[in-house]
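Only one chain is included here, represented as structure tokens and corresponding to the form predicted on its own.
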């Protein structure tokens, strides 16, 4: 799931061709802004049928943590 998520993440933030790793702090990408955040939340909802609550989303720092949060929500 992680590889697919990274691919979708890169597409959503228009980062094709850039190296994105699971441990990256995604909020530090120059492409990350409020529009990117909204786009990412929408992509997660559309692709995985998961909504990560605002407070929990703000606590997530890395790509790997995002994947974990999605997987956790899907098991609920």
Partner chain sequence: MSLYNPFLLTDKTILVTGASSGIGKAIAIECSKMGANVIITGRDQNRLKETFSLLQGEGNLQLIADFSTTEGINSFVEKLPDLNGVVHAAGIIKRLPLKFINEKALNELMQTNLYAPALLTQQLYKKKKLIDKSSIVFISSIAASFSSIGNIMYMASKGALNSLCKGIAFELSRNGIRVNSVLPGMVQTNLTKVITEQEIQDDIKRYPLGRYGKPEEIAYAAVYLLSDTTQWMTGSLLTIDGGITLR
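Residue numbers count along the first chain shown, from 1. Nothing here was measured: the structure is a model prediction, and the numbers come from that model.
Absent from the display: the form predicted together with the partner chain. The rest refers to it.
The closest heavy atom approach of residue 42 to the partner chain in the predicted complex falls within 4.5 Å. Taking the partner from elsewhere, residue 31 is found to have every heavy atom lying beyond 4.5 Å of the partner chain in the predicted complex. Although the partner is absent here, residue 14 sits close enough that one of its heavy atoms falls within 4.5 Å of the partner chain in the predicted complex. Contact between residue 54 and the partner chain in the predicted complex is found at the 4.5 Å heavy atom cutoff.
Although the partner chain is omitted here, in the predicted complex none of 50, 61 and 68 has a heavy atom within 4.5 Å of it.
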